[in-house]
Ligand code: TXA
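Single chain ahead, written as structure tokens, the form predicted alone.
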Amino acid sequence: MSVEPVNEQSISLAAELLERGKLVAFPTETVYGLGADAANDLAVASIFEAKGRPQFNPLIAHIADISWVERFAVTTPSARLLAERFWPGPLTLVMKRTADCPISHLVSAGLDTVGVRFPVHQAARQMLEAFGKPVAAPSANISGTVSPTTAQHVAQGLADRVPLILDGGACSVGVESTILDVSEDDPALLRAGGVGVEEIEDVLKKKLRRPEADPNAPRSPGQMLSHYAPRLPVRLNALEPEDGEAFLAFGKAEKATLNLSPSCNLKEAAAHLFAYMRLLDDPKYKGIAVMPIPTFGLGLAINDRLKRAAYPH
């Protein structure tokens, strides 16, 4: 692990590490983020591995310019209005993925949406501009612990789990970004944060929907038992497929339709999970049979999502 002050050399190193699929902790105005190439499945899986994250909650794709959004997200009128007013800044907009969206499905946690933020912090923007592509990043801490607002906080929590920490000083906002679902043109508040709700409502000239008060509103990721479910029924802990089933394997398997990891690598399995479930959700199959996945490390998160996918719907 290396903690480096923000300068031309460290920014260049950060971009190089991201290009190689490595992790970089970097400052934003909200909290320090743990970043990886948002289009690299294995790199994104490394985020969950490093954080010890028990669930595959959606991550935020960070950008260096508003024009990047059209590469991978569908903007509604509300999204455009809010972006023009509050970007760059501590506001995350959740939008529909485009049909050819290059962002990893693991960033979206299998959903058809992607959260996007354009940070105002100069060091974050320099790193993003040097890399030239979106960077996926949650807070740079062990899952469940207090979010870090200095490079020292990151070093204390992640130690040697991240090769580079860019030290940009203390975060000016110190709380996570506000998250709005603007995938439909009737925005909903998913998380309060660095931009005040009243400011947002003043720009929109209407009240935000509140998921906790509206059962039809978008919910925070991972809350519904039947979340992340494909259309086909999913059968867990299968040792072989039944007639007509697709077989999602892990490890050695002769009858595998797709194999999450022939070498039993949980990070590789996590990287492939959502993309493979989408590929197998095909009417030519009657269901999806899934081999047992170990219940340690990233296996806990994989099994959590598989149980949700298998829940009757």
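Note that the structure is predicted; figures quoted are calculated from it, not measured. Numbers for residues come from their place in the sequence shown, where the first is 1.
Note that the form predicted in complex with threonylcarbamoyladenylate (TXA) isn't included here; everything after this is about it.
Proximity to threonylcarbamoyladenylate (TXA) in the model of the complex, defined as a heavy atom within 4.5 Å, holds among P88, P138, P230, G157 only for P138. Screening R210, K206, R191, R235 for any heavy atom within 4.5 Å of threonylcarbamoyladenylate (TXA) in the model of the complex leaves a single hit, R191. From the list 110-118, 74-82, 239-247, 195-203, the contact stretch for threonylcarbamoyladenylate (TXA) in the model of the complex under a 4.5 Å heavy atom rule is 110-118. Though the partner is left out of this view, K267 does not reach within 4.5 Å of threonylcarbamoyladenylate (TXA) in the model of the complex, counting heavy atoms only.
When contacts are judged by a 4.5 Å heavy atom cut-off, E176 counts as touching threonylcarbamoyladenylate (TXA) in the model of the complex.
Although the partner is absent here, T92 is a contact residue: one of its heavy atoms lies within 4.5 angstroms of threonylcarbamoyladenylate (TXA) in the model of the complex. Contact check for H272: no non-hydrogen atom falls within 4.5 Å of threonylcarbamoyladenylate (TXA) in the model of the complex. Applying a 4.5 Å heavy atom cutoff to threonylcarbamoyladenylate (TXA) in the model of the complex picks out T28, T30, V31, Y32, G33 from 1-36, in order along the sequence.
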